[in-house]
Ligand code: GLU
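What follows is a single chain, given as structure tokens, in the form predicted on its own.
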Amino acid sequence: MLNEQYSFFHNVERSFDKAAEFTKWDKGLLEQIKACNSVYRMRFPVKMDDGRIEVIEAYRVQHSQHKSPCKGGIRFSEAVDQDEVMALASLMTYKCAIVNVPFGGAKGGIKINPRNYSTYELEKITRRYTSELVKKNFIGPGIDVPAPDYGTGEREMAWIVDTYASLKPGEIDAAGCVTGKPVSQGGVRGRKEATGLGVFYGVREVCNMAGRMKKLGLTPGVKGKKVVVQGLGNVGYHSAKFFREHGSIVIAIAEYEGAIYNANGLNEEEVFQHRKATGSILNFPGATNIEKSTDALELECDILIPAALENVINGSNADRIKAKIIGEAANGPLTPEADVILNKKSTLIVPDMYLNAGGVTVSYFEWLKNLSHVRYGRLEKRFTENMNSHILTQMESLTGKTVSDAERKFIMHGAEEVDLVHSGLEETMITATQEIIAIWDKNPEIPDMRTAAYVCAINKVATSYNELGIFP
């Protein structure tokens, strides 16, 4: 029996129920949306390098099939359990709905610490997991499409697609069975930085809303704002990178071994290289060490980006959080108790359920690329450059003036795959942010942005069910 006191899935259900009160959908339909449709819990043996056999515990949860295929990452972590995977799968449903990505939510997990296994052992575990999913029809380009998550990356996705293709010979769309692959294996350019870039786009759009910023006593825009980032993994690194590149000051970065602070700002790449060389972000030149990692969350700042694990801000520390804006880059970094405390302080919480949707948005682009079997930009890039060159030449001829080399290069540039991916992601995050804020503005009784985001998701999923005719 799952302990509801510490249940991540129960916390998601609580947020759902809170939002459901602001909708007019039938109670039975709301129960269907909330429930996990399929839970696959498995055990399988794998022979380790030393000859012993280890039984591996793993999961795949499909929360909703209101859209097909299902979509969600696979994480490798000792903390993996059924409750966590169910919660993350349900968040994926709502996330995809908000950002208008036509997938149902899913999630997977293998209960291991990847640091304790050799590369060959990890490969065997990943491939065996994939074969178990194939056996039960829990993977496929039109069924369920996994992706990287905590503890996994391009390497693991390459193993998955290779195993799937070997078990499904002749399936022309086999590459679409998983996303987050290396580019050479059908991946898309721009996927690695997608979640962090999406976090930046979402928070930037909120910061560009003058009325919202005035309520917080802040000026519009991200330039000059002090940012604290928890986590220097893929999401935290790229979140810090894009905030810094657009004029924000990243005053602190936290990792599990501790945190570092510099009021004049930190460069995430320099910190990353320091950690790579020394094994720790601590003792970074010019920065002050903060011994306890979680203390960084309580620093004076404008924007706090928790990009690590869930429940890091809870009932015990929420009252000490001083940030005016919290951008939930991780899944579930705030508990419902923390929400209540921070909302009373008028802290603006930009919720995880859409803010970290950059990964699934670009995964959607990768999936479309795999189904179409053509790289983005291949058909139009050269044509666009030739047309731009012709227009520029005509303008220079008519005016008798010439543009600078830098401007010429910019004007003539034809969009490559990564340009189109970033542009599509920016459009997605801006539109989603505006939709959520519009719902919030329309109903002042909605207490916070998270609830408004849930209302947005519920309305879209419920509408989809109704249009399918399942509930006439």
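Numbers follow the displayed sequence, beginning with 1. All of these numbers come straight from a predicted model, not from anything done at the bench.
Another form, the form predicted in complex with the named molecule, is not on view; read the next lines as being about it.
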Would residue 360 show up as a contact with the named molecule in the predicted bound form if we use heavy atoms at 4.5 Å? yes
Taking the named molecule as it sits in the predicted bound form, is residue 71 in contact with it (heavy atom to heavy atom, 4.5 Å or less)? yes
Exercise: residue 148 in contact with the named molecule in the predicted bound form, heavy atom 4.5 Å: yes
Can you tell me whether residue 356 touches the named molecule? I mean in the predicted bound form, with a 4.5 angstroms heavy atom cut-off. yes
Students should find that, of 197, 133, 92, 227, the residue having a non-hydrogen atom no more than 4.5 angstroms from the named molecule in the predicted bound form is 92
Taking the named molecule in the predicted bound form as the reference, which of 331, 163, 335, 126 has a non-hydrogen atom within 4.5 Å? 331
Report yes if all three of 107, 179 and 191 come within 4.5 Å of the named molecule in the predicted bound form by some heavy atom, otherwise no. yes
Given the stretches 382 to 390, 317 to 325, 273 to 281, 140 to 148, which is the single one in contact with the named molecule in the predicted bound form, using a heavy atom cutoff of 4.5 Å? 140 to 148
